[in-house]
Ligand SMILES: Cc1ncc(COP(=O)(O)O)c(C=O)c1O
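Before any questions on how it binds or moves, here is one chain, the form predicted on its own, in structure tokens.
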């Protein structure tokens, strides 16, 4: 056992990990492009973009250089009562990419971006005199992070059951995840995209209307991940649901808060998922790919309507009393500016769209396996759901660790990825070549066949 593995076992506690089974840590020490290397020089393809964060590849020269240049000046200074010369430029870039007027609040990660957004909304409602608007509405299967507010807006039994007594009450509505939705009367056949059926879409939209109408003036905001619910097993919504939901909120004076921590920065094939349906959010949470996968940085962007509710005399106590020690961190902002620059110089969005077609073609083979219940694709997101029986979509027992066993077998074949339960994921960096995409799908296919013959 290497020194790193020994020290890890002695001293570390890893996230989302059953530590009793943590017996053979793999230490990644180098990366380049879509390739990772361990201490012994073995190479692996980064099949999930280092937990959905890395966009352009590891050791991208432009981002490396931006961080080094910034480090030569200053790494961090307080953002409380001060500013720097990189965070304001990054805020301007974000507003331009998002395409709506607002103000940018920087924090550290996805959970804190969502937490800040929830607090902004709540405090703005109170300061506007709309004290009855206290209830947040969110989708079933939702996952928005692990802080208390973010968990309250989520509805994941797996991730949140232990903390249920700590959470504040929210209104849960049906997610339009088609083939598992009871309102989808046309169950898809093998190889068919479930989102092509519309019954589920509009039935679930009607359920949102009913929930908002029943709440009346107590409804404050609707919180959702647009088009793809990430940790909610990569549930993918049919086109049109977001647009319909946004219209329902607008008609009733309910604000729309979008969690684009996963879906933002090209992952779904457009710069931001909400732009595919031409909606206008009131709050948007960003993280993960914001810095290109280099440094922890998040942003919560609020509309001017919400921002204006915080303006007043000092004595009025309308200040947003929320903050982070590393807010506006110069290194993170420098990396983010370089990452956003690559979207322009490398024409990244058209490149992603072409790669997405390649990935979709390669992923079609998974339908040939009898234990595949669904293959879901959206941009550079590929989710392969494993089931015991296709006709009933019966799941494997949680204790069987089916998804984990398949990913462990894939690791032996040079692919690193991590499942969500029994949903296998391929979410490669955008720099992955066609050959590397082929190798990733081949490794996952062989691993699937080894684990489930």
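Positions refer to the first chain, counted from 1. Every value quoted in this text rests on a predicted model; they were computed, and no experiment measured them.
Form predicted in complex with the ligand: not shown, discussed below.
Which one of these stretches, 105-113, 83-91, 365-373, 271-279, sits within 4.5 Å of the ligand in the model of the complex when only heavy atoms are counted?
In the other structure, the partner sits against 105-113.
Find the only residue in 242, 181, 356, 262 having a heavy atom within 4.5 Å of the ligand in the model of the complex.
It is 262 that has a heavy atom within 4.5 Å of the partner.
Quick check on this chain: which one of 293, 145, 238, 266 has a heavy atom within 4.5 Å of the ligand in the model of the complex?
For this set of options, the contacting one is 145.
Quick check: do 52, 225 and 288 each get a heavy atom within 4.5 Å of the ligand in the model of the complex?
Heavy-atom distance to the ligand in the model of the complex: all three under 4.5 Å.
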